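Only one chain is shown below, in structure tokens, and it's the form predicted on its own.
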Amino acid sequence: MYEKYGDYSEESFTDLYDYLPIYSQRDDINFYVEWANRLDKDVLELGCGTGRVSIPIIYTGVNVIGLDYSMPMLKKFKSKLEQEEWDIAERLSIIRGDMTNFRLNKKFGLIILPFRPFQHLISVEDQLKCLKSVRDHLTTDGYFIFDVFNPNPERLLSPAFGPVIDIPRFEMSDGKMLTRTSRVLKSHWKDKWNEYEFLYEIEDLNGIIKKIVQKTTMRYFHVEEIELLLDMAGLKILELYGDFDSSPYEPNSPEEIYVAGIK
């Protein structure tokens, strides 16, 4: 059986999100937690999703506002928060909003955008709207930290790529087995964005397999482009890392992790 749905905001994907090792075991959490702990200032997380990063940050003792457009994601976030200690929950506010156009009447010493939501902004107009909204909410000595992946030329220039198994078969907590296959449906190489398809195969305890198809789009960025976009939005790069161990960015680094501030 196939259940087709659109993007990361759909309820079907939200139900799977916290199960997937590629998300739940991602090594960016400590990186963002360390920055929050070091600065000890109120944090705004854009694209907070189910609270994967926000909840660990709360335990550093700072206040966090999480903003996301997906109601299913925020609903899951709230249900997870109910299982945490009450005093932890009191330091968190969850807001439904668009990261390209938000007004919170508050400035933050740290704004974060973890795990590449910026790459879902395909148009330059939306990219700049997001960055300008960030600038409007950043203190003069504040930091804006976000990550995108370092482009893979093979995927960028190929008209189609895959399919490849990016999540090998594993057992979920309910005993079901899950495998995910991904592929690039179409590469818009001139504009540097791809159309992706993810196929989830979920086998229940009776051996019945349910297949779920998810589609999304992602924009590739090189450092020079990000630098220009930040400049146009009144921001500048303060530090640039190539991985979440804070190693310097190199051309073959897996990540582009930007620490930016107001110009």
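Source: prediction; values computed, not measured. Numbering starts at 1 and runs along the sequence shown.
From this point on, the text means the form predicted together with a small molecule, which you will not see here.
Practice item. Verify the contact flag for P163: yes if a non-hydrogen atom of it lies within 4.5 Å of a non-hydrogen atom of the small molecule in the predicted complex, no if not. Key: Contact with the small molecule, no.
Review point. Hey, in the predicted complex, is S70 touching the small molecule, heavy atoms inside 4.5 Å?
Key: Answer yes; at least one heavy atom of S70 falls within 4.5 Å of the small molecule in the predicted complex.
Check your understanding: Quick one: is G66 in contact with the small molecule in the predicted complex, heavy atoms, 4.5 Å cut-off?
Key -> Output for G66 is no: heavy atoms all beyond 4.5 Å of the small molecule.
Check your understanding: How about G97: is it within 4.5 Å of the small molecule in the predicted complex, going by heavy atoms?
Key -> Yes.
Review point. Hey, with the small molecule in the predicted complex, do H137, Y143 and Y258 all fall inside the 4.5 Å heavy atom range?
Key: No, none of the three is in contact.
Review point. Counting only heavy atoms and a 4.5 Å cutoff, which of 58-66, 225-233, 45-53, 195-203 contacts the small molecule in the predicted complex?
Key: Going through the listed ranges, the match is 45-53.
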